[in-house]
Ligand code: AMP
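Let's start with one chain on its own, the form predicted on its own, as structure tokens.
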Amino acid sequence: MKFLPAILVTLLMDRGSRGNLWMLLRFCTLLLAMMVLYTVLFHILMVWEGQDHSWISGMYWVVTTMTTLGFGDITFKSDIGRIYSIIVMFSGVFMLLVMLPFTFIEFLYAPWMKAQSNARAPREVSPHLRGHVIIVNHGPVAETLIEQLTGQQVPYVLIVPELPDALRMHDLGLSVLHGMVDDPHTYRNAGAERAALLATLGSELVNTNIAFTVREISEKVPIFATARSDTAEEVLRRAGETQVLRLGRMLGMGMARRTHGGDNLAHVVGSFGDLLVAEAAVHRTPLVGKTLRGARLREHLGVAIACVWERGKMQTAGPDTRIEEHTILVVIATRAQLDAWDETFCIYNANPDPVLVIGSGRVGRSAIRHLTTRRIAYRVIDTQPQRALDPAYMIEGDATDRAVLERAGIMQAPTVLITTHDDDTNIFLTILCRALRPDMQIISRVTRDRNVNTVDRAGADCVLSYASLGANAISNHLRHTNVLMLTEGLSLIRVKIPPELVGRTLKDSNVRAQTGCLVVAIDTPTGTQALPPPDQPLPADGDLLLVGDEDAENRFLVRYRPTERHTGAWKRTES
């Protein structure tokens, strides 16, 4: 019964349902007129036979005859009367036993059941809901974002314009809201003015419309939108977007950054103050096979290792973390220390042959631009040569053809970047490239997270997910951090030096082992000291600058309970 008002409103507001009700009313009117006519003819024939009955009796005879009940208490004596009875009986069978049920089911029952089903799709959220995330356009990024929000216990609502899709997703347990994406009432019903964030993940044209629409409801809610081009990004910002996500460009840059490309130089990806954040490959260096403690990088070069990338997944780094052949180290250092790193490791893994890029779409072109910035030679394989940034480096053909790969130089290339948007193709190419070159570095992308493990098992050294990239960029904003690359990212945390640590050295306090946070600087009234020595006592009048993920930050706060803290963010390097 609680759905009855919503069902009636849905039934009466739908134009098709109103038409069905009008058809049913016309049929009932026709049936009533037929019964009245039969009653009049009944009286005429009865008078002709010399019988006298009331009008109520006449209607009673018509109803019992048309419904084939035929009690037999009122009958005709003449043949004409009996023929009339047969006509009334057959017309009653057709109208009441055939047409009436069909008409009732078609024009009333079926629309009623449809309206009852449609009423299950929510059209507004609770007025008490606050701090939720509104998602527009269900796709790979939205799927991953919903999984992350569910794990973080952050409420969300997914706006779905098509009713069948809304009902299907609602039955799957998703928190959906049925409404048109260009209707201001949809966002009022979704509580946009109370939301923590709105993510619109469709095309640039739709995203622009949504931004203007939402800004009618709220000027403050952050709006994240996806875009493909510089022009679209500018238009979206003018439309009111808070953050425009160029996922194709970001994914291509991430793939290019993770290629050693014939060198083991440290490549800067971000900074805070005088400290730089760099990623460095260790392929074929003496570091392979050692633990971080055994490598003694802090003692020899002064650098600190914040975390490591293993096959595209970020992992916390501790003294016992083992450095593998395809490990990527995330290094915290000054410019001079990075120069010393490059001087030490540039002699290893020298390969002048070009990196092979399969696909010259948005991701491929972004990777090529970043490789060019790093002065790494490349070649591109694509079936559409008109998409090439430089035709001189384009190999036209299908990369699934072994002859094309060999013509492009796969037998000599240090790295292959597989950038196509089709996950099935990327799995095939990963297996093929690994079969041809067991020793080369293979970096592949996937669109959906569920295919990451598949590509990893196929032989890729690093797998980057388009869906995770977008989802992490949004979910990290909710945690007040910026995405470093693809996973949870890192935060810079400034805390007042806890009394428990005053006068103790970093080595004695063992902050890294106990919490997972790396002390990268000490800020005092006299200045900031980057990467302080492990045997230096901590002063009483200063702040610690820590680097760690969300779990490490929470462990530090629980362990030491500092009186003052705030989080800062990496400044990401785009070039």
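One-based numbering along the sequence shown. Since this is a predicted model, take the numbers as computed values, not measurements.
The next section is about a form of this same protein that is not shown, the form predicted together with the ligand.
Chemist: Out of the stretches listed (277-285, 448-456, 419-427, 317-325), which one is close to the ligand in the predicted complex, meaning heavy atoms within 4.5 Å?
Modeler: Looking at the partner contacts, the answer comes out as 419-427.
Chemist: Please tell me whether any heavy atom belonging to R362 falls inside 4.5 Å of a heavy atom of the ligand, as the geometry stands in the predicted complex.
Modeler: Yes, R362 is a contact residue.
Chemist: Does the ligand come within 4.5 Å of any heavy atom of I381 in the predicted complex?
Modeler: Yes.
Chemist: Classify R246 as contacting or not contacting the ligand in the predicted complex by the rule of any non-hydrogen atom within 4.5 angstroms, answering yes or no.
Modeler: Contact check for R246: no, nothing within 4.5 Å of the ligand in the predicted complex.
Chemist: Against the ligand in the predicted complex, would D79 count as a contact residue? Criterion: heavy atoms within 4.5 Å.
Modeler: Flag for D79 set to no.
Chemist: Would you mind picking the one in M255, A195, A399, A199 that has a heavy atom within 4.5 Å of the ligand in the predicted complex?
Modeler: Comparing distances to the ligand in the predicted complex, the residue within 4.5 Å is A399.
Chemist: I need to confirm a contact call. Of R188, R298, R387, R504, which residue comes within 4.5 Å of the ligand in the predicted complex, counting heavy atoms only?
Modeler: The residue from R188, R298, R387, R504 that makes the contact is R387.
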